[in-house]
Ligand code: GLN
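In the form predicted alone, a lone chain appears below as structure tokens.
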């Protein structure tokens, strides 16, 4: 459906007019953050940054450019996320390509990266004499694993996902960012392909945590366009953490850490799921003060070091 107030063909349209028209139409269609969406789509069409839009408001759009722009605005008005239209989303200062096969990276997930870096850097100061071993469970676009790879050049990082198309997107992002040799991608249901004693230092995950009873509260953009397997919708929203924590306990070295992102109001129930075998349980809020990341440390006990990766897997890496 085309925007209802696009100027007639042949009438010159400058950047200011194009933005105003697009914003008004998106607002009429109840699109959240209409101004931001209109700006991002125009930046995408022009191949320019935001500063260019506002320092050159009188520059006229070529007719074909205007036609393409308003076609994308109409696409956004259907509820399709801007990131799937442009194919890009920034995370941790890195540019990620995203497709409907992966969850769009969110700013709040950067708190999970911050927690992981804090543990990794503190751990490195212990000078244990070997490379750190990190696994990102449910990697999606690869944003968490690749953000860590960009910050921790000496770490061995594994990233798992149940979805092969998602892993293909993640591997593509790794190549684009020059990190293709830093992360190993493995198809797996959580950590099921990892044998006990894999001896990781850190397990982290932003798992699908929306419960079936919460679907009507999910934004249209998520509910209708983002992959259900990546955000939830089956049974209890917090049930996946029970399985993840049990597997994490098996693959972590003594003293290793687990860190997970949680949904709104889930922190307390997820914290209680850790049970025995964990110490130093903590909850970290996001910038809005919402409890967002649950962390814990596996109890220390003697153990021989295992291989950095499982010797074999039931599901192949890609």
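Numbering follows the first chain given and starts at 1. Since we're looking at a predicted model, the values are computed, not measured.
Here the subject shifts to the form predicted together with glutamine (GLN), a form of this protein not shown in this document.
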Candidate stretches 82-90, 202-210, 148-156, 180-188, one within 4.5 Å of glutamine (GLN) in the predicted complex by heavy atom: 202-210
Candidate from 167, 77, 230, 198 lying within 4.5 Å of glutamine (GLN) in the predicted complex - any heavy atom: 230
Partner-contacting position among 193, 103, 174, 120 - heavy atom within 4.5 Å of glutamine (GLN) in the predicted complex: 103
Contact flag, residue 132 vs glutamine (GLN) in the predicted complex, heavy atom cut 4.5 Å: no
Glutamine (GLN) contact at residue 116 in the predicted complex, heavy atom, 4.5 Å: no
Any non-hydrogen atom of residue 144 within 4.5 angstroms of glutamine (GLN) in the predicted complex: yes
Contact of residue 109 with glutamine (GLN) in the predicted complex (heavy atom, 4.5 Å): yes
Stretch 138-171 - residues with a heavy atom within 4.5 Å of glutamine (GLN) in the predicted complex: 138, 139, 140, 143, 144
